[in-house]
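To begin, one chain is listed below as structure tokens, in the form predicted on its own.
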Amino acid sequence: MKIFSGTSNRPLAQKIAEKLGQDLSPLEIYVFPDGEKRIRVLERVTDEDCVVVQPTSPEPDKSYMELFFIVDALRRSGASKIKAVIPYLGYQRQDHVFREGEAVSLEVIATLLKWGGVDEVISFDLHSIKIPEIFKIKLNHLSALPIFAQEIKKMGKATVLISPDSGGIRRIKLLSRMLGNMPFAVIKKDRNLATGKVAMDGIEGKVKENAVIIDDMISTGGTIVGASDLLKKKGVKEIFVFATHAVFSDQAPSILSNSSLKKVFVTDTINIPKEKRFPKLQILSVSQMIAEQLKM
């Protein structure tokens, strides 16, 4: 097996290679003055199984195009099988038509991955459990919940798990079972699809002294902070957040840092640059889980 990395999250690719006792295989990625990229494989891959690590944030369009070019270069160089490790799958929130006239962007991505020569995809905590149905190639849907469960067990406090919306109920129930049926509650939320604004109407379930908000991703941070403020009003003292994907768009790091949250746990499915890190942030790695999946 040979492991290659695009430019979106080389630190994660390096960790995966180390877990497998390997070095990253070299690629030449040349960027022309107009932004076009030229990809070249620098070692023999004939009849080799190849892995390409390339999450798709913060610039999904550029990341996907780079991934497609790497895959094409490997296929033309004789690779026997190509696995795309896309820990954060860009466009996953556009998996069906919400309003008349919209594109199903994720279906376009799934088609391009198959057409381009990807045999298998590895990803984490997809926004919907129906997403694998869109893909005509194998999609291994992993979850960071076991990693989160290990950290939550260390807290040893009277804690309730919180889903910031009804869409996360399945996720919160799975984690509850991992934690010996830890109690959970769900925040009632309504999002305006045209403006993106969120209104929080209350909580279904009882809260405790401490709360752990669980989500698949943090984008602007508005939903998380809104949930935290509501929990504070209900008497919760300490609030922690666990989210798989640190999309961290706009002013999210500042919003989270200045909130009442005690700590924010995310994973390294997306590379977080130094300027987006803050004292409350703790990054957990999914590299071991990916390495174990690649051994199968």
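Because the structure is a prediction, the values reported are computed rather than measured. Residue numbers here begin at 1 and follow the sequence given.
The same protein has a further form, the form predicted in complex with ribose-5-phosphate (R5P), not shown here; the description that follows concerns it.
Contact check for residue 93: a non-hydrogen atom falls within 4.5 Å of ribose-5-phosphate (R5P) in the predicted complex. Proximity of residue 207 to ribose-5-phosphate (R5P) in the predicted complex falls outside the 4.5 Å heavy atom cutoff. Of the heavy atoms in residue 222, some are within 4.5 Å of ribose-5-phosphate (R5P) in the predicted complex. By the criterion of a heavy atom within 4.5 Å, residue 151 is excluded from the residues contacting ribose-5-phosphate (R5P) in the predicted complex. Looking at 129 to 137, 78 to 86, 115 to 123, 212 to 220, the stretch with residues near ribose-5-phosphate (R5P) in the predicted complex, meaning non-hydrogen atoms within 4.5 angstroms, turns out to be 212 to 220.
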